[in-house]
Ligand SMILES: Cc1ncc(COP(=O)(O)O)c(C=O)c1O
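Given as structure tokens, the chain that follows is alone and in the form predicted alone.
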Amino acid sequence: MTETAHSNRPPFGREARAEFQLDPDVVHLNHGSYGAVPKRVADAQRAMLKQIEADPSQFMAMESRPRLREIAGQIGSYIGADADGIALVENATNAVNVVLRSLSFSDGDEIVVTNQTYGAVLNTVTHICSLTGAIRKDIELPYPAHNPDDVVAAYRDAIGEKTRLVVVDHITSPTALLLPIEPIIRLAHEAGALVLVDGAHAPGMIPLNVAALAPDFYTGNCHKWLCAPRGCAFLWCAEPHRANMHPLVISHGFGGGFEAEFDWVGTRDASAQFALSEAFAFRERYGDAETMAHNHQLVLKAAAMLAERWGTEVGAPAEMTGSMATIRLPLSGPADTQAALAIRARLHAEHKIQVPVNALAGAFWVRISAQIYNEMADYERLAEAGEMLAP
């Protein structure tokens, strides 16, 4: 970004919040789950729908697929991958299903996951294993986390000659751990296994160079940290695997190659994907590197403050943190999922704070997000609310 562009960057915090459609009475600390769509991006999506409806036949038959390729090119430039290997899908769960349903597994093949793998992904792996005779092998990741080497060691112990596929989160959903995926990918490849990186949270949170990482498959959501409308995600496949990948919906492109199959899966509303260009433009106004740095520093500061106020701890060191962090709540007693959901509901109903609460490692943890519309006052309200929860 040029110095001129930087000097003209809009301010982060309260003023940036006006760019979004968020309820001003709610403290929004859960950008990581569903994102938030800026007003101008939502306007671009509506304008796209209006253009489509002006001549649906012309757009769907002649313009839709070329535009999807343009969007794939923009994503490729942003994540450091060739556009020919990028398929536009609705979400990362869709992409994980594509890969798992397209690969062949035999009786006894191992699919490696962790105790922090996203629930929908675990369900998909379990389903595939039930159909094929493959075995789901779970790794227990250390948490709270202290250093990346412990994570790599856990994968080293689990990957073996029977491992067919390793599914690894770039950033875990329940614990917000930024995992050291480069050495994990190397370990898997050295063992002859394929690697699917679930980067649902990564695009827009951390810098990406997929070509340098060299996984076999990489998926990411654009509706989270890139602020595209929900229903916008991608799957990148390494070239040797593209011929064997098929969308979940087989349509007219079948047999025509990777792009043809994924760009046309029947008549659908792809306006969220077409609006990604405006999301990139919105991002550029604030600066890509500047946004990542702001969010990272804010979440570190907020997490440290919360842990100090509550007399607890943060779930990961700075080197394993992106724009989300987990902090242990000052609560005692047995921790389970239902109790965690009740605490979350109470924080929203009584304090107007939207933040996930998870039962992990025998305790309750909040997972905070930091986006350009957040400021320290948001987390101070959470600190006060957390103190009121304590007996």
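In this text, all values refer to a predicted model and were calculated from it rather than measured experimentally. Note that residue numbering begins at 1 and tracks the sequence as displayed.
We do not show the form predicted together with the named molecule, though everything after this point is about it.
Undergrad: With a cut-off of 4.5 Å between heavy atoms, is N91 one of the residues that contacts the named molecule in the predicted complex?
TA: Within the cut-off, so yes.
Undergrad: Does any heavy atom of Y286 come within 4.5 Å of a heavy atom of the named molecule in the predicted complex?
TA: No, no contact at 4.5 Å.
Undergrad: Mark S332 yes when one of its heavy atoms lies within 4.5 Å of a heavy atom of the named molecule in the predicted complex, and no otherwise.
TA: S332 lies outside the contact set for the named molecule.
Undergrad: Using the partner position in the predicted complex, report whether Q58 sits within 4.5 Å of the named molecule, counting heavy atoms only.
TA: No.
Undergrad: Ok, L306, V210, V299, I171: which has a heavy atom sitting within 4.5 Å of the named molecule in the predicted complex?
TA: Of the listed residues, the single hit is I171.
Undergrad: Of A200, I159, A279, L100, which residue is found within 4.5 angstroms of the named molecule in the predicted complex when only non-hydrogen atoms are counted?
TA: Contact with the named molecule in the predicted complex is made by A200 alone.
Undergrad: Using heavy atoms only and a 4.5 Å cut-off, decide whether all three of S33, Y118 and H223 touch the named molecule in the predicted complex.
TA: The answer is yes: all three residues contact the partner (heavy atom, 4.5 Å cut-off).
Undergrad: Among 141-149, 92-100, 187-195, 123-131, which stretch sits within 4.5 Å of the named molecule in the predicted complex, heavy atoms only?
TA: Looking at the other structure, the answer is 92-100.
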